[in-house]
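A single chain, nothing else alongside it, follows as structure tokens in the form predicted alone.
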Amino acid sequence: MREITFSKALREALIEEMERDPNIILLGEDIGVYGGVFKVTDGLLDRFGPERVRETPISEAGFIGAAVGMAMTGKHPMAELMFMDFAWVAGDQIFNQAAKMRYMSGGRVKVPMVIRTQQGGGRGNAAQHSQSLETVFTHIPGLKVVVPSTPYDAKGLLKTAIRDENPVVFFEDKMMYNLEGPVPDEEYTIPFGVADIKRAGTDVTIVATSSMVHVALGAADLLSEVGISAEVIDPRTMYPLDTPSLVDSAKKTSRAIVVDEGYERYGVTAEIASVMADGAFYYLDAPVKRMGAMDVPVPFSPALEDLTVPTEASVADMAKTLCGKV
């Protein structure tokens, strides 16, 4: 396989799917001439024209609402939210319209749309541009939620999202756009609801999402130095969630940690930990532990920002404690 960046993998998925389906239309702020704030849509305006790559005003409620209407009437829109923190401006359109319309119409109205957005800290973008809030979207029936962590997963999952007949929210971590990884030349998709074991292990399971997958893999390297074998699992989709794979891993290792960059309070970590504790209760030698962001707004200061989220060292320390090797 060739090695390409996370950003290029996404761009390839968009190009291939837009060439396959003329009903796919992109909407968003600065996605055309500028190529998107993180350059994922760079060159697509020249390739597909302004009818299919539509620059929008700074009105998330407006263009997300337009995307919902387009999806209901036969098109397949993909709307890009520059920062996921801005999703609340379009909250009614996402949570009350896109998510519920198919159910409320008894299946007669489909809403095949994708909302691409990015989240996470690491760039000093401060409290209104650095949150990881995928848990809120996962809480709403009718939405599918995707959180890729590698270029391979990003391309395969985005293609699946585009072909889905339901609204999908696709979260990209802003620090991973330049991350390189193997991606095949041939066509492929990745089904929703299938977790990926990024590293096999026998002593402790670390379930990690998005950017935290790489933190977990780094922690696994640290743990191997002290004789602890960590299994790292990436759910890849928050909903649907691959519950059997997570439970099976917890049964195998008898210890588990769930790591997410979102706020720990009432977050992704709580739901996954509950699922694993319930399914593997009689196999566990210790409580399932959670690690998420501190219960504070994301700081602007890089030094303070780094302290608010799990690190390789803190995840490794938690695993050592669970395994009795403090």
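Residue numbers here begin at 1 and follow the sequence given. Predicted model only: the values in this text are computed from it and were never measured.
The protein also exists as the form predicted together with another copy of the chain; that form is not presented, and the subsequent description refers to it.
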| property | result |
| --- | --- |
| Every residue of G91, G267 and P299 near another copy of the chain in the predicted complex, heavy atom within 4.5 Å | yes |
| Contact of D234 with another copy of the chain in the predicted complex (heavy atom, 4.5 Å) | no |
| Touches another copy of the chain in the predicted complex: F95 (any heavy atom, 4.5 Å) | yes |
| Non-hydrogen atom contact D46 with another copy of the chain in the predicted complex at 4.5 angstroms | no |
| Interface membership of I190, another copy of the chain in the predicted complex, 4.5 Å heavy atom rule | no |
| Proximity to another copy of the chain in the predicted complex, single hit among L222, M175, I140, A195 (heavy atom within 4.5 Å) | I140 |
| In the predicted complex, the one of T253, Q118, S211, T135 near another copy of the chain [non-hydrogen atom within 4.5 angstroms] | T135 |
| Another copy of the chain in the predicted complex: contacting segment from 200 to 208, 223 to 231, 179 to 187, 141 to 149, heavy atom within 4.5 Å | 141 to 149 |
| Residues within 4.5 Å of another copy of the chain in the predicted complex, restricted to 209 to 225 and counted by heavy atom | none |
